[in-house]
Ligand SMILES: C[S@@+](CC[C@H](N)C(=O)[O-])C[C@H]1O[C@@H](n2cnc3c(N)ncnc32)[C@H](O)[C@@H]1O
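The chain below stands alone, shown as structure tokens; this is the form predicted alone.
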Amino acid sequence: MNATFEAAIERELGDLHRRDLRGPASVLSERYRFGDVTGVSHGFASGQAQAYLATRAPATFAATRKVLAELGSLRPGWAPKSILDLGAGPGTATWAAVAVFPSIEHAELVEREPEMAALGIRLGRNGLPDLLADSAWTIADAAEVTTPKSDLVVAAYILGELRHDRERSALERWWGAARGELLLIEPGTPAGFERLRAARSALISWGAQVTAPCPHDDACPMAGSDWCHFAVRLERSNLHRELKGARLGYEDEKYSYLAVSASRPCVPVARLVRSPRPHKGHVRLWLCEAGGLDERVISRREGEVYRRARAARWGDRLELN
């Protein structure tokens, strides 16, 4: 986790005792586990916003920052000056964007829960970046709010909170607000991926071009029980581990994502959609390419290509020519 965001969280939670957060954390965990946040606004009871900050915000931050770093590497020299953070929670995606793109000068954040927005405002005021202290917050439904155009529009872990019949109109509104990139992030589950696959088809029909993760704008080749997702590992704080009842000092956040824009960047030839399988003298890769999904075996005899394949990790983009 970014040291600045982590410090802001620690300052916010510093005066709270662990026992004060155990109950709210348990309730929040049950709500997310059984999908009780989908489609309606329940409000956050006392302590639940802080429990969210301790247990979920670190993983959301890690996934969002990793995806934004990927966008930056695909568009070298891109320097967005504004961000629209939809379903902002405590402003997690904005913190991640500022960490990746120091060019950002203005942030608009939309959050339907007043307690969560208040928490985000406090985090910004107590944090180091001046931008976060002066961010513009709107208490509203992100699926319906009217906003100015922004260079970067992020909707992280919010599409799945909408009723199915509201998803398409929300997407159209968000796409219309994106002057540069529109980024959608969802849990790395089959359901999360299916939401993004449907969003991908709709956005392409409106003229969007895929920046990442797909190396093409063709129909998604994933079929059957397979789904496209990735993972990021983050360290757990002592409080995080205690509230989750976890033994491990780290957590692997699995996520799916989609980034689109009006113009396509220089995209990779292929992207790894599973972990490579190294063997003696060769490595087996599962790739998404313009022609669809492909399983390839790269031999040691292929020299530099083999070395790149051996060093590659799940989710990486690869040049194999």
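These figures come from a predicted structure and were not determined experimentally. Numbering starts at 1 and runs along the sequence shown.
Omitted here: the form predicted together with this ligand. The next part is about that form.
Peer 1: Just one of 83-91, 118-126, 219-227, 188-196 has residues with a heavy atom within 4.5 Å of this ligand in the model of the complex, so point it out.
Peer 2: Flagged stretch: 83-91.
Peer 1: Taking this ligand as it sits in the model of the complex, is residue 236 in contact with it (heavy atom to heavy atom, 4.5 Å or less)?
Peer 2: No - in the model of the complex, heavy atoms of residue 236 and this ligand never come within 4.5 Å of each other.
Peer 1: With a 4.5 Å heavy atom cut-off, would you call residue 167 a contact of this ligand in the model of the complex?
Peer 2: Because no heavy atom of residue 167 falls inside 4.5 Å of this ligand in the model of the complex, the answer is no.
Peer 1: Can you tell me if residue 60 lies within 4.5 angstroms of this ligand in the model of the complex, counting non-hydrogen atoms only?
Peer 2: So residue 60 counts as contacting this ligand.
Peer 1: Quick check on residue 232: any heavy atom within 4.5 Å of this ligand in the model of the complex?
Peer 2: Although this ligand is absent here, residue 232 would stay clear of it in the model of the complex, with no heavy atoms inside 4.5 Å.
Peer 1: Which pick from 99, 104, 71, 142 sits with a heavy atom within 4.5 Å of this ligand in the model of the complex?
Peer 2: Filtering the options by heavy-atom distance leaves 142.
Peer 1: Quick one: from 203, 212, 178, 162, grab the residue that has a heavy atom within 4.5 Å of this ligand in the model of the complex.
Peer 2: Residue within 4.5 Å of the partner: 162.
Peer 1: Taking this ligand as it sits in the model of the complex, which residues of 149-171 have a non-hydrogen atom within 4.5 Å of it? Please list them.
Peer 2: In sequence order, 156, 157, 158, 161, 162 come within 4.5 Å of the partner.
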